[in-house]
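Have a look below at one chain only, the form predicted on its own, in structure tokens format.
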């Protein structure tokens, strides 16, 4: 059985990992995907299904962290429109 604290910790880890992206669009997408996933599965009661979904969330966290490393190693050369300063 996955404890409630483990689920909350996973959610926070996903949100923290998403905040590390310098690109506004990727930050917001990661946040939206994480919160939507947790809201969608908040009423699960079957322990085996909860364990399966938790394992999927952990895998997604690894993907986000791996993609962040690649993104930081090869940043885009142009800025996003949301990141441009108004003069």
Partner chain sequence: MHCIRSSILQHLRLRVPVRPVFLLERENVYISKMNFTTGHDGGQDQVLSKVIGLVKNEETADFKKDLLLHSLDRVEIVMAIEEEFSVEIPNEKAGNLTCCTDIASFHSL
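Only the largest set of C-alpha atoms that superpose within 1.5 Å between the two forms is called the rigid core. In this text, all values refer to a predicted model and were calculated from it rather than measured experimentally. Positions refer to the first chain, counted from 1.
As for the form predicted in complex with its partner chain, it is not shown, yet the points below apply to it.
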With the partner left out here, if you bring back its partner chain in the predicted complex, are 9, 38 and 42 all within 4.5 Å of it by some heavy atom? yes
Closest heavy atom of residue 69 to its partner chain in the predicted complex, within 4.5 Å or not? no
Contact between residue 49 and its partner chain in the predicted complex at 4.5 Å, heavy atoms? no
Is there a heavy atom of residue 63 no more than 4.5 Å from a heavy atom of its partner chain in the predicted complex? no
Taking 4.5 angstroms as the cut-off for heavy atoms, does residue 31 touch its partner chain in the predicted complex? yes
Which residues from 10-29 come close to its partner chain in the predicted complex, meaning a heavy atom within 4.5 Å? 11, 12, 15, 16, 19
Per-residue C-alpha change between this form and the one not shown, residue 79, threshold 2 Å, rigid core fit: yes
